[in-house]
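One chain comes next, on its own, written out as structure tokens in the form predicted alone.
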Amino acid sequence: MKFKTPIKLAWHRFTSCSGCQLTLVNCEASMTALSAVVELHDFALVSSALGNSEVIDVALVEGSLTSPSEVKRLLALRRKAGLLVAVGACALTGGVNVMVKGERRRAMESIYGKPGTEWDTFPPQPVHHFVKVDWQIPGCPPEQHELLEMIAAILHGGWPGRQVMPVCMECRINENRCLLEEDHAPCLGPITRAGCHALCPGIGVPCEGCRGVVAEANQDELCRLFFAAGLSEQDIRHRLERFGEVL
């Protein structure tokens, strides 16, 4: 699907921290070029103006769904969007929002007080549980280059290429020391999809798995290495479920 420029673009946030859209806003060096090919419709972080167009070329969706009102808004957006792109871990898998799990009501009360227990909410769900998603951009937050490449590809009638290697390969390319083998740190790089240039391991922080599972991930071998590093079965499971899915 190829659109005429400027493309009508909207960014809708659901249950999230706004970090994904902030990543795009922080692409200062590319803003002049973007302004020439993108026309904003409903992007609250950037403009208070609300687009009244009945048709949106591209809708970017950030955050997980946690209430019927959010689902209603998402369905309305899907109906008028030519393409819908889920952006970030919360939109793709539920993200860190799912960590509360069975203690949701108690968490709501501790944060919002008694009124919080009366709100109509449900456990966080990814966007694809409710509507068709045309493309996904992983990460917490996503990388700037992936957002820009996605917009550029749409302008040319296609989608950017997908990463098929794990973060470990990017560590090797960058000649980073292996935190898993050398420090016995619980790094998820062996089973996590690449594309972030191994930023966290590159500064000595074990990969958290925010980009989701790489194809053909060898989870059994990773669990063996975690056991050897002294992690319990419960610790390993919590580690693998950090971003809303069992890796």
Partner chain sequence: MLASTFPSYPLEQVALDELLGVIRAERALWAPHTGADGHCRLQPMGEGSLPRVAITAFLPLKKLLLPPREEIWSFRSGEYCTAQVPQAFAVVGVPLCDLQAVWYLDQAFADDLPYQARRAQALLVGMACVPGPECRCDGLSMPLAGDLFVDQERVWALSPAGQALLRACGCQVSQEMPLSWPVAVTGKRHALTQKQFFSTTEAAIWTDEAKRCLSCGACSAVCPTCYCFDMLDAAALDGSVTRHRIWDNCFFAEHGKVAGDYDFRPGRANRLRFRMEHKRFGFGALRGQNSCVGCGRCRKVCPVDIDLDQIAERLDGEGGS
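Given the structure is predicted, the values throughout are model-derived calculations rather than measurements. Numbering follows the first chain given and starts at 1.
The form predicted together with the partner chain is left out here; the points below concern that form.
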Quiz item: Given that the partner is absent here, does residue 75 sit within 4.5 Å of the partner chain in the predicted bound form, heavy atoms only?
Solution: no
Quiz prompt | Distance check, residue 166 to the partner chain in the predicted bound form, heavy atom within 4.5 Å | solution = yes
Quiz item: Does residue 151 make contact with the partner chain in the predicted bound form, using a 4.5 Å heavy atom cut-off?
Solution: yes
Quiz item: Looking at the partner-bound form in the predicted bound form, is residue 225 within 4.5 Å of the partner chain by any heavy atom?
Solution: yes
Quiz item: For 179 to 193: residues with a non-hydrogen atom within 4.5 angstroms of the partner chain in the predicted bound form?
Solution: 180, 181, 182, 190
